[in-house]
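Take a look at this one chain, the form predicted on its own, written out in structure tokens.
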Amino acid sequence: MDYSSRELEAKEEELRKIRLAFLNILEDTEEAKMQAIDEKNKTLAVIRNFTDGLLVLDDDNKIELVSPLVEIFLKQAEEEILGKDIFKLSSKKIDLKPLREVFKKRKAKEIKSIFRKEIHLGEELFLEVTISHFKSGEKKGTLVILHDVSRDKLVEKMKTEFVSISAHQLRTPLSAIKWTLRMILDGDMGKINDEQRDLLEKTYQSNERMIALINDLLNVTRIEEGRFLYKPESMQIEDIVDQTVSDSEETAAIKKIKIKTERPKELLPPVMVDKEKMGIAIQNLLENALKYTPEEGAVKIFLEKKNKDVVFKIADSGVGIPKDQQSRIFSKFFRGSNVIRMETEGSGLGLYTTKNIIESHNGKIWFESEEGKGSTFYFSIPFCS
């Protein structure tokens, strides 16, 4: 079929437009490709210069991306790490078991959206591991951030050592002062009048408070250094509670506070505990209850068996804990603003020590409180199987 010149010109114009459109598409594609490469390079530059180590895992726990700091932390080159299963990651230069242990929780579906745990790799390397899951379209994976906290740990260790040395140095002269005052009060150095006795008694009590504070500080340093040793033995928790209550009867009588203990008629299952340390934990809870309960108030102690645990509960009718401060109750040196107003003395170390003692016995501690209506503290420890 013959085309007229006008039809040919129209066809050529159409082909020219199609060609131009294809060229524009190719240019746009090339530009988009260059932009994608540019964005990729920017992202890689950020990753490579990030101040923390980064690992990206796919949904099968295979390592897809490694930042340079990870190579330094794990003492392995990138090519030795990429593509490996995180659960099979190993090194001849460093024990990576602590890192693998963190991911066992993820495998057991225990890790939520974000999970943090501190691990110790090698002699001087401490890492805070943060694990976060992500989803991009159909792709799932895990982002792992390794933050070096070794310097913080070193500073913390130096602080702990300083407190420990200072506390030990202070305890010796304070003990000497205590026994000197006791000798004078007992009349070993001659007779003293009532006014002198009253002054010396106040000095003696102040010295006792200083010694108690020093002992609290030493307990904290032992906890932080992992030297708060335990001598576990099978025994009845009732015996420890009875002894602690007996030791506190005089304090309770002065404030006319009634201490009531409730327990099952039958003996509770024995527990594996360090008698001395568990006594400190219960004493701290009872002392707080007595200290912050007004005169003629009440303190109730309950003991019971629940599942495979022995549960201790102590309820007071004291001042309670302000709601906005409850998250800090087990922190070192913390004291509620309301108790500071009514009782200026106190180290704020009792509950911190108690929490560590309970948790070191594989137990749990928690509380309920309302300001002005009192507090109830609980702890549970597993009984001997």
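This one's a predicted model, so the numbers in the text were calculated from it and none came from an experiment. All residue numbers are counted from 1 along the displayed sequence.
We do not show the form predicted together with a small molecule, though everything after this point is about it.
Contact check for Tyr292: a heavy atom falls within 4.5 Å of the small molecule in the predicted complex. Heavy atoms of Gln76 never reach within 4.5 Å of the small molecule in the predicted complex, leaving it off the interface. Proximity of Ser248 to the small molecule in the predicted complex falls outside the 4.5 Å heavy atom cutoff. Contact annotation for Ser347: at least one heavy atom lies within 4.5 Å of the small molecule in the predicted complex. Proximity to the small molecule in the predicted complex, defined as a heavy atom within 4.5 Å, holds among Ile329, Val66, Ile358, Leu57 only for Ile329. Only one segment in the set 91 to 99, 144 to 152, 121 to 129, 311 to 319 has any non-hydrogen atom within 4.5 angstroms of the small molecule in the predicted complex, and it is 311 to 319.
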